[in-house]
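In the form predicted on its own, a lone chain appears below as structure tokens.
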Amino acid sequence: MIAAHINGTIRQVETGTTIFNLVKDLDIAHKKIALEINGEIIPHSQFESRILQDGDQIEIVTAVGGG
């Protein structure tokens, strides 16, 4: 297990977890999101290959519709 800081909250995740798995576990895979790790915006094309590391600072922002 590793500790990741997700939107300011520490969450334990399995070692080897990818961004794709994290987004799926958080039940936000169906939403339009922007994701940043340690200050770097991660493109969706890297979600399946980018593995989370212990201590990663993750910020996730979801798009909200409206007018």
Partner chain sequence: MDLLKIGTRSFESRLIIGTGKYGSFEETGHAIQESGAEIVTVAIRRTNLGQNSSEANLLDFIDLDHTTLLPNTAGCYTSDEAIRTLRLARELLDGHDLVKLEVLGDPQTLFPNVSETLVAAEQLVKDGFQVMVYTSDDPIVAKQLEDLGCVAIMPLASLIGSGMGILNPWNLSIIIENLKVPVIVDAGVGTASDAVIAMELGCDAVLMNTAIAAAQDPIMMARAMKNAVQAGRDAFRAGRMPKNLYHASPSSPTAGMMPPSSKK
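Just so we're clear, the structure is a prediction, and the values are computed from it rather than from any experiment. Positions refer to the first chain, counted from 1.
This protein has a second form, the form predicted together with the partner chain, left out of what is shown; the following refers to that one.
Novice: Residue 43 near the partner chain in the predicted complex, any heavy atom under 4.5 Å?
Specialist: Yes, residue 43 is a contact residue.
Novice: With the partner left out here, check for me: in the predicted complex, does some heavy atom of residue 60 sit within 4.5 Å of the partner chain?
Specialist: Residue 60: contacts the partner chain in the predicted complex.
Novice: Can you work out whether residue 6 and the partner chain are in contact in the predicted complex, taking contact to mean some heavy atom pair no more than 4.5 Å apart?
Specialist: The answer is yes: residue 6 has a heavy atom within 4.5 Å of the partner chain.
Novice: Does the partner chain get within 4.5 angstroms of any non-hydrogen atom of residue 64 in the predicted complex?
Specialist: Residue 64 belongs to the contact set for the partner chain.
Novice: Counting only non-hydrogen atoms and a 4.5 Å cut-off, give the residues of 23-57 close to the partner chain in the predicted complex.
Specialist: Contacting residues: 26, 27, 28, 30, 31, 32, 33, 34, 35, 36, 41, 42, 43, 44.
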